Structures are given as structure tokens and as C-alpha cells.
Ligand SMILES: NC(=O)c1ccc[n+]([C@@H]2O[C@H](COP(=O)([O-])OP(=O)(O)OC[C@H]3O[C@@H](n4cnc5c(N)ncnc54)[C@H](OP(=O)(O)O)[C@@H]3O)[C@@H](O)[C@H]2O)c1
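In C-alpha cells, the next block holds one chain alone, the form predicted on its own.
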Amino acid sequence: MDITRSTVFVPGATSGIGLALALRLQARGSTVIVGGRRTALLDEIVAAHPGIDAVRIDTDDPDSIDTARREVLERHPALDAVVAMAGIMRPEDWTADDFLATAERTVVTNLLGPIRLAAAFLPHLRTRAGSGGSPAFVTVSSGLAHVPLAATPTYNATKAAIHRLSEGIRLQLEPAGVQVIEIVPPAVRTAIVPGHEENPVAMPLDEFTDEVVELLATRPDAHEILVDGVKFLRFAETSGAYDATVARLNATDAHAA
């Protein structure tokens, strides 16, 4: 993925990591289309950042994904990267009787959403590979794919699924010329959970996105984008520190994006 000349669609980019990443990709030379459910926010982003385009999309809704695909490709036929950024993080208590609705919605947003985005955009990305481009499908997992946070079991599970899905589809898509890149955030100061913007143990948003973009720039063929702050989670099991890392994570107020 060449971030100096890509055309990138980022569903889930009206705030937080998605918006910060979109702005940095634009600053590096990419043409960027942000996506989200709230048209008022999309209009504000377009007005505040000349050159960025916006398309409404609700990744929980297959019809909305299809409509957005047609709109994005009509306006940006040179699209060669999609970043499946949209996600939610909700606490659940599996000792109570009311966790199912939250768990189901988490699966739909965090797992079915990226799968549906892939189904919608991969046919086009494969044509870009055939025309000599360097297309990419970018997933977003989490450090919690590797070490669980007790408060968010379904979130952990969906991010573990995204990690393994990324590993699997890479085996199929790279021979077809489509790169699969997995961004793995640690705890980052965003509004993914209430009050998390002030979490002192979370990584500052600007610091995280600056490091991600630098890694994308210097390692364009990378399979995983791992900032330093997530490596203690990513490699906890292989380093023999899994039990200690689970205890450390759940003894703090840390939450991973």
C-alpha cells in the first residue's frame, strides 16, 4: 500500500482513530473518502478539510453498504484501498441475563461489518490489481484479540476473529494481487467507551496514529501494523507472559480500541 498516492475509503471515520487516520493519509498524499452514519458529521468533516470526500454508510446494514459502494466507485473509480474501521466496544455481564442484545450487536458491527465490506469492495479491488495497481483491504483488530479484557468478552472475541480472518483471507488475496493489512491498536484515547478520552493508561490518539502512518509508510508490505504499545499484548502468549499480562490488563482501567 502506497499511502502517498492511494485512493482510500475509510468507513467509520467520523471520529476517533478513523478520522485521525483519514486526515494523516490525506496529508501524506492519498485521496481519502470518509464514511459514517451521521451525515451532519460527514458534512462538517468535508467543510473543515478541503479535498476529503464523504459517503454515508451504516456497516450494520447490507443495503447501506451496497449503496455506499456504488456511490464511492462512481465518484472514485481509482479506489484501491478500503479500511474497515467501524467498530463498537460495549461492556457485558455474562453473570446477568441481559447480555445477549449487546453481544449480538457487537458481532454484527465488528465482524459481519468488515466481512460485508470485503464482499462489496473486493471485486473492484481485484480489478485494480489486474490493472497494475497495489490495492489493499485493511482490517482493524485489537490487542484484546490476544489478551482478554474481562468487561468486554464479545468485543475480545470479534477482534480475535478479525485477526484470524485477516490471516486467512491474506492467503487467498495476496496471490490475486490484493494486500491484506491488519492494524492492531492498543488502548487509545478515543470515545469508544465513555470517558476513555481521558484514560491515563491509554495511548494518546495523535501519538498512535502518527506511529501507524509512519509504519505504513516505511513498511508498505507489512502484514500487521504493530505500534510499540501493543506488543506486550500481541506477543503475551508466545513470550510466556500470558497469565501475567491478563492479570496486569484486568487490574487497570485500560481498554483497547
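In this text, residue numbers run from 1 along the sequence as written. Owing to the predicted nature of the structure, the values given are computational and were not obtained by experimental measurement.
Separately, the form predicted in complex with this ligand exists; it is not shown, and the next lines address it.
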Assert contact_stretch over 125-133, 181-189, 163-171, 75-83 against this ligand in the model of the complex, heavy atom within 4.5 Å, equals 181-189
query: Quick one: does Ile17 come within 4.5 Å of this ligand in the model of the complex, counting heavy atoms only?
result: yes
Though only this chain appears here, would Arg37 touch this ligand in the model of the complex if you measure heavy atom gaps against 4.5 Å? yes
Requested in this report: Find out whether any non-hydrogen atom of Thr106 is located within 4.5 angstroms of this ligand in the model of the complex, and reply yes or no.
Outcome: no
Check: Applying a 4.5 Å heavy atom distance criterion, does Val147 contact this ligand in the model of the complex?
Finding: no
The one residue among Val138, Ile88, Leu111, Ala118 placing a heavy atom within 4.5 Å of this ligand in the model of the complex is Ile88
Contact with this ligand in the model of the complex, heavy atom within 4.5 Å, among Asp58, Glu211, Asp53, Glu224 goes to Asp58
Looking in the model of the complex, the residues of 125-161 with a heavy atom no more than 4.5 Å from this ligand, listed in order, are Val140, Ser141, Ser142, Tyr155, Lys159
